[in-house]
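The data below hold one chain only, encoded as structure tokens and taken in the form predicted on its own.
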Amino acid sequence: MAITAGAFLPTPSFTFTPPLRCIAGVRPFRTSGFRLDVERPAGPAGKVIVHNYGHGGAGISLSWGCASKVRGLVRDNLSPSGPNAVAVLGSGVMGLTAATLLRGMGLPITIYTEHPWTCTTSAVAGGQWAPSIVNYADRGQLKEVLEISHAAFKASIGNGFGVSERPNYTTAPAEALELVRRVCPGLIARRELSRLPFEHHAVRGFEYQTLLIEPPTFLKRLNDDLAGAGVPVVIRSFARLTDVLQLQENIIVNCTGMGAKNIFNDWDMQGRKGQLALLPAQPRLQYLYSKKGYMFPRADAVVIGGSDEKVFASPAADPIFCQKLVDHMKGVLGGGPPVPLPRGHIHYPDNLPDLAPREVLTG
């Protein structure tokens, strides 16, 4: 592919007014695969728990598909004699999308959450549609969830949900997007390039056609729509299962993420910290970029990320770590000297193996 000087894509400006804005979140990673099933706990008669958690870094990407499955599980467990009020635990993307679809069934819904949506891990996400840092146990279930989610996000483009189609340029096959291509052939288009379209980054690579979901816009829209429909949000924390079973609702949808570790004694849950640096927004940038780190231009900021820390002393953002993420990306795209990524970054391998179910996927 020959590229003339005028065909180069613009590269980001890495300047900012100090201090550097940076945020961090702890992804709810489950070693045995995300959980999407029904439990009938011992205790008060008639209680049904629908579990929907453990999605790691793929929560937004899988959200609508998992919410659709939750809706089906709730429908299958409705009591013919009632009452069928539903408690949704959690106000992250899993809780908000599940509540949205359940509201469409005409059921009374209450969201119980320790924190508002602005303080959830979902609000600290880059936003590319790609199932990254997630395990799965059922390939068929994953296929359905991916297809439903992708279709729902595409249908929402232009309707105020912060969703757009974007190309993602990578220097190596992106594991998360390659997973989609294997499980759902034809859903994600990929083109191999003899040269990436950047003036100071003359290497071979790939162009994927994917989606960008902007969490600040998407989550706010879900929350506002639910509030407008009269769905109450109750700030409440749960320490253990007995606390949950005291709820008046008989149908409980568990979207607690990392909270499931202690509440439901799920020791498969492992926190995986991710950090993001937020540069000033740059509307001229209309593409995503991924290497050993990523750059996602959103309406609110140019997001620089790509960290996956399995061991960390604090869940808070580290400005020094985030500055290294920025310096690395600046060097990659020709804006400065080469700078290695800090320890704990997501790695893109040179040769992608055919990953099996339940293998960790980091994209």
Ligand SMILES: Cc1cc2nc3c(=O)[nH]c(=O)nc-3n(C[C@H](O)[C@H](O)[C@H](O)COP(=O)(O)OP(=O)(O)OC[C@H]3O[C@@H](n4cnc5c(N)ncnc54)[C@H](O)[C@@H]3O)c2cc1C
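Each residue number is its position in the shown sequence, starting from 1. Note that this is a predicted model, so its numbers are computed, not measured.
Beyond the structure shown, there is the form predicted in complex with the named molecule, which is absent from this document and is the topic of what follows.
Check whether residue 114 has any heavy atom within 4.5 Å of a heavy atom of the named molecule in the model of the complex, and answer yes or no.
Yes, residue 114 lies within 4.5 Å of the named molecule in the model of the complex.
Although the partner isn't part of this model, could you tell me whether residue 252 comes within 4.5 Å of the named molecule in the model of the complex, counting any heavy atom of the residue?
Heavy-atom contact with the named molecule at 4.5 Å: absent for residue 252.
Answer for residue 149 alone: is it within 4.5 Å of the named molecule in the model of the complex, judged on heavy atom distances?
Result no; residue 149 lies far from the named molecule in the model of the complex.
How about residue 242: is it within 4.5 Å of the named molecule in the model of the complex, going by heavy atoms?
Result no; residue 242 lies far from the named molecule in the model of the complex.
Just to confirm, with a 4.5 Å cut-off on non-hydrogen atoms, which of 238, 198, 206, 161 contacts the named molecule in the model of the complex?
Of the listed residues, the single hit is 238.
Counting only heavy atoms and a 4.5 Å cutoff, which of 279 to 287, 89 to 97, 138 to 146, 71 to 79 contacts the named molecule in the model of the complex?
The contacting stretch is 89 to 97.
Suppose contact means any heavy atom within 4.5 Å; which members of 120 to 141 contact the named molecule in the model of the complex?
Contacting residues: 120, 121, 122, 124, 125, 126, 127, 128, 130.
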